[in-house]
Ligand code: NAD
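As structure tokens, one chain now follows by itself in the form predicted alone.
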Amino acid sequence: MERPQKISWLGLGNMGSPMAGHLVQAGFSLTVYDVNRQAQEAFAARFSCVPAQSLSQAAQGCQVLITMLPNGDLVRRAVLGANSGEGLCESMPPGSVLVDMSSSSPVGTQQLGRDLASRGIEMIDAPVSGGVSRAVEGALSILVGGNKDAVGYCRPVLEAMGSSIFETGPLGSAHAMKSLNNMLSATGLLAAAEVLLVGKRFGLEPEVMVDVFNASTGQNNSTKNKFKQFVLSRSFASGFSLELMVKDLGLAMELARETKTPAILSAACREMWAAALVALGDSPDHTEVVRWLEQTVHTELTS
């Protein structure tokens, strides 16, 4: 199967920009579009790619079109059009593939896939895990769902951005897997923060506790990759927002409802994150959920 050459990219945020950069470096011909025209022009100048002046221009002649947007609603509006505006699908050639790398609703992804199939356009979902640092390194974990031929066709594109590619099943399965992964990660962060606060109030040093957890059975992704780096350092600068985490947790709970699965712990976790977002405001980093917990017990995780 031929490797696609002409790629269009929509969304040049904290994650999208380094990911798209790796495609240029891998030799793909890239056209980019972002509502932030300053970011778009800066990216195009840096990587010598084509800046599109409209959604229509972004989609023209593409073989693969990738969306990396804050949510699935924005993806659907961009692809199908909104308020009588023209969507990407009007200009995408038949036989082209839409790759949604955003964190979108699994149910919404399946519906969008059906809408595009009627136009002769294939769709796969390919959300990522690993955060900004691994996006910069080109070492993301990429989950991918959809028709096997379409996935195979797009694999060289995905491999330029990630070190691990996991095929999860039919369309929508990757978005389901991503939301469940984030729910598990979010629960682990809250649990670690609570036990660290208990230990701190008893008199234990937070850094010592993190070291013990990471050498013991209590370790998780947050104890290994977040607490010393972003919480104990007080930088709270992971690059992934608390608002996006709350959105992802909502998708996981939507999936629980769709499958009629009781998810009591997950529901409580989502409510705690949502409460933190309301209390903190002003676009906090997701690691600042710990700062919210600190405020509730008037204790900081500092030495």
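Position 1 is the first residue in the sequence shown; the rest follow in order. Here the structure is a predicted model, which means the values were calculated and not measured.
Omitted from view is the form predicted together with the ligand, to which the following refers.
Have a look at 103, 223, 96, 109 for me and say which one sits with a heavy atom within 4.5 Å of the ligand in the predicted bound form. By the 4.5 Å criterion, the partner-contacting residue is 103.
Using a 4.5 Å heavy atom cut-off, which residue among 295, 283, 14, 25 comes into contact with the ligand in the predicted bound form? After the contact test, the surviving option is 14.
Which single stretch, out of 234-242, 274-282, 254-262, 43-51, brings residue heavy atoms within 4.5 Å of the ligand in the predicted bound form? This holds for exactly one stretch, 234-242.
So in the predicted bound form, are 69, 132 and 248 all sitting within 4.5 Å of the ligand, heavy atoms only? Every listed residue reaches the ligand in the predicted bound form, so yes.
So in the predicted bound form, does residue 124 come within 4.5 Å of the ligand, heavy atom to heavy atom? Although the ligand is absent here, residue 124 would stay clear of it in the predicted bound form, with no heavy atoms inside 4.5 Å.
With the partner left out here, check for me: in the predicted bound form, does some heavy atom of residue 128 sit within 4.5 Å of the ligand? Answer yes; at least one heavy atom of residue 128 falls within 4.5 Å of the ligand in the predicted bound form.
Spell out, yes or no, whether the shortest heavy atom distance between residue 89 and the ligand in the predicted bound form is within 4.5 Å. Contact with the ligand, no.
Using a 4.5 Å heavy atom cut-off, state whether residue 268 contacts the ligand in the predicted bound form. No, residue 268 is distant from the partner.
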